[in-house]
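Heads up, the chain below is alone and in the form predicted alone; it's given as structure tokens.
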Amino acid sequence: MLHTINKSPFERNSLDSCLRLSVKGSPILLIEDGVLAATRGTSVSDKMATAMNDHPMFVMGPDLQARGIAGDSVADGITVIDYGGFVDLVVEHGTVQSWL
């Protein structure tokens, strides 16, 4: 199952809920304001680094760009993808759980 998070980790607990309840090994895709969790040097950076031990992490490049976040601000280990990559993840995993 692919998990998507579209809320900022600084405003909502969607990321925390996802990390607590998702199955180890399931991929997590950060979209919309959720991309803020992918940036290095924030209060959630350590949480994300730990989560990457259990989950492949992806972030939508167009959503980073829309928020003025440079690609080199993304934490190591998080893969930046485009819309085609999003479609590939959905096809590969079949089911999508959106954390609101």
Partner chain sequence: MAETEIEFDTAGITKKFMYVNRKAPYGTIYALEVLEAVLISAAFEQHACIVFIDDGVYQIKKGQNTDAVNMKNFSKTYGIIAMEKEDADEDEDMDMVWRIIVEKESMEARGLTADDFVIDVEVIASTELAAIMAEQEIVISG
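Just so it is clear, the structure is predicted and the values come from calculations on it, not from any experiment. Positions refer to the first chain, counted from 1.
Below: the form predicted together with its partner chain, not depicted.
Peer 1: With the partner left out of view, is Leu21 within 4.5 angstroms of its partner chain in the model of the complex by any non-hydrogen atom?
Peer 2: Close contact exists here: in the model of the complex, Leu21 approaches its partner chain to within 4.5 Å, heavy atoms only.
Peer 1: Quick check on Gln97: any heavy atom within 4.5 Å of its partner chain in the model of the complex?
Peer 2: Yes, Gln97 sits close enough to its partner chain in the model of the complex that at least one of its heavy atoms falls within 4.5 Å.
Peer 1: With heavy atoms only and a cut-off of 4.5 Å, decide whether Ser17 touches its partner chain in the model of the complex.
Peer 2: Because a heavy atom of Ser17 falls inside 4.5 Å of its partner chain in the model of the complex, the answer is yes.
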